[in-house]
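A single chain comes next, written as structure tokens; it is the form predicted alone.
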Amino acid sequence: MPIQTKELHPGFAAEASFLDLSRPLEADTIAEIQAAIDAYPVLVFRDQNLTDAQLRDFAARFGPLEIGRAAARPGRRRLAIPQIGDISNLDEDNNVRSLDDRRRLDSLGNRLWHTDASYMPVPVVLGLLHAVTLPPPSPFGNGETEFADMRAAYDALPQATKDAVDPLVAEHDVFWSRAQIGFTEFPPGEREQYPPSPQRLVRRQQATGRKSLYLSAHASHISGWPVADGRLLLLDLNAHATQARFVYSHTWRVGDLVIWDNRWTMHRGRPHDENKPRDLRRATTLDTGSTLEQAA
């Protein structure tokens, strides 16, 4: 039976009909899921019970998987599979991290509007995030994830602005994004391991031909412009692209698997009760080349 979708945000986010993603899927089903993601760059599957290995294997059907910055660091990890990102507030022994824990402070950068790993020369495509444990509601927020539609944001720009931004290239730097929240305590050698990467400011969706802004908290400045002018332009574009009309806010349930396409979206996490466990697991697929090599 073909995958059915229920729209959650017009032309941007949808909930898919139930499909057990823990079992091996036929190539035709994977193609249907990809087509649904092309139509809705945020796609929600409910009631999934996935081991980390099953999440890894399902994600790998869409492309090679990233090993993220935290997993690439030496030392003990909570999760055994390096291709599974630990999007939690838990330490290696499954204890809630203290508020001054360095890895927790680094991860708070995810509460800025961003695109995953845009600071890498070859960035990522799909993010797949699975909710394992969620904290109870709190006055600080419920840990929602907000997604912004970068295609609709581009479409809404005046034509003169589109013409001006189409050829621009931005420098993306993970240390710039973390500095915005005051975090600068990185392990020795990590700055050298992740130098800034140039990325197109506007990308084209091959499946549909639509253009999209490619923004992120990692975007530091515009190549070839005075730094101050570039940062002001990026601030204006971010404010434009994250207006409520472009945003879908996902309220998590245990068992949710949310898939999003980082090429056409930005996202951010929202606050939650930091004294209770919150455990989400992520797999991320890699692109095939630099955005500079792709047609705008």
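All figures in this text were calculated on a predicted structure; none of them were measured in a lab. Sequential numbering from 1, following the sequence displayed.
Omitted here: the form predicted together with a small molecule. The next part is about that form.
Checked against the small molecule in the predicted bound form, the candidates 45, 260, 58, 248 yield a single residue with a heavy atom inside 4.5 Å, and that residue is 260. 144 is the sole member of 155, 101, 166, 144 with a non-hydrogen atom within 4.5 Å of the small molecule in the predicted bound form. Only one segment in the set 47 to 55, 265 to 273, 30 to 38, 227 to 235 has residues whose heavy atoms sit within 4.5 Å of the small molecule in the predicted bound form; it is 265 to 273. Put simply, residue 87 is close to the small molecule in the predicted bound form: some heavy atom of it is within 4.5 Å.
In the predicted bound form, the small molecule sits within 4.5 Å of a heavy atom belonging to residue 278. The closest non-hydrogen atom of residue 200 lies beyond 4.5 Å of the small molecule in the predicted bound form. Though the partner is left out of this view, residue 116 does reach within 4.5 Å of the small molecule in the predicted bound form, counting heavy atoms only.
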